[in-house]
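Below, in structure tokens: the form predicted alone, a single chain.
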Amino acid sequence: MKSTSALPPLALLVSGCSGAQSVLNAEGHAAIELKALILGIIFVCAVVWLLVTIALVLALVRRRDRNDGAISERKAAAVVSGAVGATVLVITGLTIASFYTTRALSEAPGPELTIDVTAQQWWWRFTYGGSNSADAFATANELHIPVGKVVRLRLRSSDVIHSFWVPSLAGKQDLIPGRENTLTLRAERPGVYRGQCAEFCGLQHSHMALFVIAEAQADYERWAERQRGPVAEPTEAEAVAGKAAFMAKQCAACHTIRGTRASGTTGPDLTHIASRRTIAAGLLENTRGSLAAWIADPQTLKPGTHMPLVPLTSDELRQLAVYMEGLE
């Protein structure tokens, strides 16, 4: 019984070593380098702890020889000197390891793709192709990158300090108002990697998630081609009515839907919102019911969000949800 009673606490401790957001689940070049450094530091610290514990136990159980006090003092001086020397060696070794890891991260080859990342309370805007390019397009909270390619992120904030962190791919980097920082990603394997704002940025900081979708080059190019295009005109009656409601209720003042007169920049680009996995920065799965709930009362679901409460009839709400669901 005693041996099994320790299993739940042990399971709780190791549960953080894997999963959708773990530095030990390294799948990117930078994350792999950082993981090696972390494990090296843990190993060195474990060895130091073990040696200190052994020395402490030996000192406690060893019988003191009262007749060689002078020798004991010399031994004590030797032990202290040895401990100081070992400490200097350990710290020097860890410093060198940290230096070479940092240099390895900064020596990544030139980027093959550059994406602008803008953090806002409390969501992420990803702009591909540059703001002045005819082929440029923007998405929200979902970053697609090709596997094996070096991707350079240009990080900016439009309000307060945020921090971009996808632990399975790279270390975190702050986004500071009025300043541009950069971060390099290179995913080694396809997958969906969860990220998070890692700098407290206000009431909904914990609900500011993002997802990085790493996919094969051909899949990425097909996705990007779809994202560049405008949405198709709705044909279903409810969707047509939903589009009319979207324009009439001034949703177009805050959001963009390419191919329509909606060209707002305050809120996320909704051109292909139906292709995203979640809405509201990872708060809800992207379903018709979630879309309707979010449109109906965003302040209850995410208090403090900048999306206002828009008065809608039940028919308008349903029609808007149908229209949003069709924006693929």
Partner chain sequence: MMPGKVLNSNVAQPLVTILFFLLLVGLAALIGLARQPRQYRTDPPVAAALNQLRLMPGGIGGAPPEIYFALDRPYETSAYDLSQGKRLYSWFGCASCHGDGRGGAGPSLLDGWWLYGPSVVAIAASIRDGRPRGMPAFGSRMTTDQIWQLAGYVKTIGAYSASLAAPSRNDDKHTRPAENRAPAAILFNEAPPVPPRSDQGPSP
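Residue numbers count along the first chain shown, from 1. Bear in mind the structure is a predicted one, so any value in this text is a computation, not a measurement.
Missing here is the form predicted together with its partner chain; even so, the following discussion is about that form.
Worksheet item: Considering T256, Q121, Q227, T127, which brings a non-hydrogen atom within 4.5 Å of its partner chain in the predicted bound form?
Response: Of the candidates T256, Q121, Q227, T127, Q121 is the one lying within 4.5 Å of its partner chain in the predicted bound form.
Worksheet item: Of these, L203, A136, A244, A237, which has a heavy atom no more than 4.5 Å from its partner chain in the predicted bound form?
Response: In short, L203.
Worksheet item: Since the chain is shown here on its own, which stretch among 137 to 145, 213 to 221, 228 to 236, 244 to 252 would lie within 4.5 Å of its partner chain in the predicted bound form, judged by heavy atoms?
Response: In the other structure, the partner sits against 244 to 252.
Worksheet item: Does the 4.5 Å heavy atom contact test between S275 and its partner chain in the predicted bound form come out positive?
Response: Result no; S275 lies far from its partner chain in the predicted bound form.
Discussion item. Can you tell me if L317 lies within 4.5 angstroms of its partner chain in the predicted bound form, counting non-hydrogen atoms only?
Written reply: Contact check for L317: no, nothing within 4.5 Å of its partner chain in the predicted bound form.
Discussion item. Within 4.5 Å, heavy atoms only: does T287 come near its partner chain in the predicted bound form?
Written reply: Looking in the predicted bound form, residue contacts with its partner chain do not include T287, since no heavy atom lies within 4.5 Å.
Discussion item. Would you classify T300 as touching its partner chain in the predicted bound form, given a 4.5 Å non-hydrogen atom cut-off?
Written reply: The answer is yes: T300 has a heavy atom within 4.5 Å of its partner chain.
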